[in-house]
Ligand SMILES: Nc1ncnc2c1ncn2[C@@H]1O[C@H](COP(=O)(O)OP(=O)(O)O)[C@@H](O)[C@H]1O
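The data below hold one chain only, encoded as structure tokens and taken in the form predicted on its own.
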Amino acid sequence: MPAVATDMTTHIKTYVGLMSGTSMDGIDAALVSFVQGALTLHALRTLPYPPDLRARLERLSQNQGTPDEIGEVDHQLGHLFGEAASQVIESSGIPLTDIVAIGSHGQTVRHQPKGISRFSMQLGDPNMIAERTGITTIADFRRRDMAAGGEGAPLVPAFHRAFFGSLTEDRCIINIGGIANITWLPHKDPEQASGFDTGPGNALMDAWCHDQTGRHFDEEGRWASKGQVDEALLADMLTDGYFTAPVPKSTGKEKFNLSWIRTMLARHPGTSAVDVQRTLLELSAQTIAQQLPTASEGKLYICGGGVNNLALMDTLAAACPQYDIESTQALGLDPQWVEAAAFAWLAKQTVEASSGNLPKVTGARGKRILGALYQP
């Protein structure tokens, strides 16, 4: 496995990765270099979204917005992504001439990977990022894969294979953001690496917690821990066709949202709010565990915000006792920064005219160079 290190002073060529996931809580910015197979984090910064912007993004993800609002939010996010990049660069002390490119995922507000007119929409105008920073910006990573027949997601498994693969043990990387996804890395044949979105990670728990308490998330799963699993409700939730759909597959908040919860609750009236929260936590754990490879051995490594939900981690461990579970910190990379680092790496792949997708994961017809370049 390539080494992962942290260093605050360097003069080697670096890349900035900008990531905002389905939790829609802010922008993670990481300044990263890749030298001789080693990944080094030089500076890190998180820029939270203002509450009003976060609320607008949630509405847009539910098709509750006009073209004018989409344009306004795209512009506003472009400024914020540019600010996040500038802040992480300034904090590093690394000269702009040492930064090759910025890789910006943008903020997904709609992901429709099926049907004739499949698309994925990320906001955060990369022109604004390039103008704000004076650095080549690479964005729109998903649609090139979709043009080749893929789902455009998940993209991070290619990064997982490059930096978390092992020659001695099978590994499964589980990213638990708003949506959860897994990457299976068999040690005997790296080309057989696979992955997909399993369904809700934190999205449903966060949506219900905010609706019922006003808090955007259930810290450490404490509220859920006070409730009991409603087995009938859980069984009904598990009948959703997404969980048994064949791969490739990917999803988002356009499906797993507060409306989805309310549809389920309409068939199970009287369930207490705290029991709903506990049941949603169980759903996330069970749908991850049930879709893991049926391997007799291997290790699970967790990344993403879900790693901080201690109740979820305990429930996941109980649901798959055949696996040892650790965070990606055990592999040398803080679980909070995996995705930002991944988009720095994807930017590097684009600059070097190398592919960034795994066709076995996305369903694309072949490997493709991802992203569009926006020159300063």
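From 1 onward, residues are counted along the sequence shown. Everything numeric in this text was worked out from a predicted model, so none of it was measured.
Keep in mind that the form predicted together with the named molecule is missing from the display, and what follows is about it.
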{"property": "In the model of the complex, residue 78 touching the named molecule (heavy atom, 4.5 Å)", "result": "no"}
{"property": "The named molecule contact in the model of the complex: residue 176, any heavy atom under 4.5 Å", "result": "yes"}
{"property": "is_contact(residue 220, the named molecule) in the model of the complex, heavy atom dist at most 4.5 Å", "result": "yes"}
{"property": "is_contact(residue 149, the named molecule) in the model of the complex, heavy atom dist at most 4.5 Å", "result": "no"}
{"property": "The unique member of 165, 305, 227, 298 whose heavy atoms fall within 4.5 Å of the named molecule in the model of the complex", "result": "305"}
{"property": "In the model of the complex, segment of 258-266, 243-251, 202-210, 230-238 with a heavy atom within 4.5 Å of the named molecule", "result": "202-210"}
